[in-house]
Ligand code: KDG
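Take a look at this single chain in structure tokens; it is the form predicted on its own.
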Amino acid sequence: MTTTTTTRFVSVVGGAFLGLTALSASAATEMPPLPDVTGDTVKADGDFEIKFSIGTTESGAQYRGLEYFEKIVEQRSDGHIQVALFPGAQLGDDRQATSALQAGTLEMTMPSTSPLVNMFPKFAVFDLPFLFPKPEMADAVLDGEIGQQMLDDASSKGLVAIGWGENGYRQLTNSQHPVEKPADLEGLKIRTMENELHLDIWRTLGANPTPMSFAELFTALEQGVVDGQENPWITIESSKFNEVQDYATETNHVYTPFITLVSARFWDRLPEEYQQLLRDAATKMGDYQRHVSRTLNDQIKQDLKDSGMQITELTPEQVKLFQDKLEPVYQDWRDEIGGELIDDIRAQVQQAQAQQ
């Protein structure tokens, strides 16, 4: 974003949030107005339609980001690119949508990095516990050379990776009892993504991890197939998990990004001018979506408390108990992910901490 655009954006979102805090809890998660579209009209030959699929619901920050992407692309292409949004895993979960991109039957999706680890093993670095102490430190990595290199690496296997967004810090919920220390997890059935590192984390903590599709999760919680799950506050609220989970712990145990993907088959049909438009729109979408996610995060946590959910906020000493328990996970995955990548990210995080 330019300085002028950033100032306007912060003003719009900040003003919207101040208004939001005065609303009732039931309305507190209304989204702020979409920023104005900036930039010249992009002219190129052809008319195109983009089906854009995500697994999260319409009430989440991710969908709000997609609405901004749609606005940018349609306005700046003068209507020659039309964007149709499909939230709530209507066209499949993250892995299914990614496969559809590879097959050329879907144009775009924005999955978490975690379900893609089998395709891109380095993405497992984002599943390491307690890697990013603050979200701004994740930004420094994703928006810098490391993040760009990972986008380049993911632009293969029938995919083109054009930007980052935020799924955010994952928090634990369950239906059995408060969790304040690793021993409280003993035997709990915790839904995880189909991701070996996540399975390793929860096994190491003493839980019984159970991988399943996000689309199946609410019903599984409701029926007691699993005791708990872990997702960002905004996903917990928008998916109404608080209706079937009495307890939550603010663990901030994993920061997960979203990655914006385009079908290579579709991409190769686009004029270069429209390819650049999609890249620009994806970057602005990511900036806006992160801001919406963080702006709403604390308010949503309060809403969940107001709804009756018992939320445990860990002290630094309690967090260290989880960190110490999970140290073997770093050693187990160092060779798989790449020790150099882990060290580079940790060095950049330390540098960002020193500058604060």
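Computed from a predicted structure; not experimentally measured. Sequential numbering from 1, following the sequence displayed.
As for the form predicted together with the ligand, it is not shown, yet the points below apply to it.
When the ligand is superposed onto this form from its pose in the model of the complex, none of its atoms comes within 2.4 Å of a backbone or C-beta atom, and the site is therefore classed as open. When contacts are defined as a non-hydrogen atom within 4.5 Å, all of Asp94, Asn167 and Arg191 contact the ligand in the model of the complex.
For the ligand in the model of the complex, the listed stretch (296 to 304, 315 to 323, 34 to 42, 55 to 63) containing residues with heavy atoms inside 4.5 Å is 55 to 63.
Checking Gly228, Pro111, Pro129, Gly286 against the ligand in the model of the complex, a heavy atom within 4.5 Å turns up for just one residue: Pro111. Taking Phe86, Phe266, Tyr247, Phe214 one by one, only a single residue has any non-hydrogen atom within 4.5 Å of the ligand in the model of the complex, and it is Phe214. Although the ligand is not shown here, in the model of the complex the stretch 252 to 278 places heavy atoms of just one residue, Phe258, within 4.5 Å of it.
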